[in-house]
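Heads up, the chain below is alone and in the form predicted on its own; it's given as structure tokens.
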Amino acid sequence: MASRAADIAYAEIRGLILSGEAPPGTRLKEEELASRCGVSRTPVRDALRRLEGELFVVRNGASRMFVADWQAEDLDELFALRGMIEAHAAARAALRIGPEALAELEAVNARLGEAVAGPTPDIATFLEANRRFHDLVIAAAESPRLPAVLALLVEQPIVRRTAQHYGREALERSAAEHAELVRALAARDPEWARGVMTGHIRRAYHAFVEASRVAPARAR
């Protein structure tokens, strides 16, 4: 029962962070979280330790817990690491992917393209399709280690959910880069796939930085 309660608290607190309801720098109080999650403070404490290990949460000198506040240097490193790992995954996938997975990648990217083609981009669908696309590439790489490593690096940079502030050009470019990656995978060219993914992640980093600058200004 205790483990189940800790899982409930973990999912709830993590959701608060990823949704932006608990933005970077927010203090996380055990009593308030326990009330919100409908559990005692012990599973909340266990959940916070787990989130601390995953770098969603940081502890200060007085052992108070806060939502991690990523600085520019942190984000640059995270995207650099993500770029290296996903580029490696793309190169592996180029040598292993089958026709069914390629067809699904094309279908998912078509859905992503449709999400950004309307008068007002559908950011929720864009995020879902984008994640699914990258998950499919990782799965095609057939490495048991890659999903666990990337889980930390991919979600941390989107804590503030700045995709809603991306310009149409950035959204459309993402779809175009996905399409080129599918072509590289279909050609079974690992170096082409590696290069496309490397450029895709670096472009995503600069789009994220720009969106992060715009988001606070619009909030005011």
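Don't overthink the numbering: it's just position in the shown sequence, from 1. Note that the rigid core is defined as the largest set of C-alphas that superpose within 1.5 Å between two forms. Not measured: the values here are computed from a predicted model.
Beyond what is shown, the protein has a form predicted together with the DNA; the following relates to that form.
Asker: Test of understanding: in the model of the complex, would V57 fall inside 4.5 Å of the DNA by heavy atoms?
Answerer: Taking the distances in the model of the complex, the answer for V57 is no, it never comes within 4.5 Å of the DNA.
Asker: May I ask you to check whether R36 falls inside a 4.5 Å heavy atom distance of the DNA in the model of the complex?
Answerer: No - in the model of the complex, heavy atoms of R36 and the DNA never come within 4.5 Å of each other.
Asker: Given that the DNA is not shown alongside this chain, does R45 nevertheless sit within 4.5 Å of it in the model of the complex, heavy atom to heavy atom?
Answerer: Although the DNA is absent here, R45 would touch it in the model of the complex, with heavy atoms inside 4.5 Å.
Asker: Quick one: is L181 in contact with the DNA in the model of the complex, heavy atoms, 4.5 Å cut-off?
Answerer: Judged by the heavy-atom cut-off of 4.5 Å, L181 is well away from the DNA in the model of the complex.
Asker: Can you name the residues of 47-71 that have a heavy atom within 4.5 Å of the DNA in the model of the complex?
Answerer: The stretch 47-71, when checked against the DNA in the model of the complex, contributes R49, R59, A62, S63, R64 at the 4.5 Å heavy-atom cut-off.
Asker: Is Y205 among the residues whose Cα moves by 2 Å or more between the shown form and the other one after superposition of the rigid core?
Answerer: After core superposition, the C-alpha of Y205 moves less than 2 Å between the shown form and the other one.
Asker: Do you see a C-alpha shift of 2 Å or more at R183 between the shown form and the other one, with the core held fixed?
Answerer: After core superposition, the displacement of the R183 C-alpha between the shown form and the other one stays below 2 Å, so no.
Asker: Aligning on the rigid core, do we see the C-alpha of A193 shift 2 angstroms or more between the shown form and the other one?
Answerer: No: A193 shifts by under 2 Å between the shown form and the other one.
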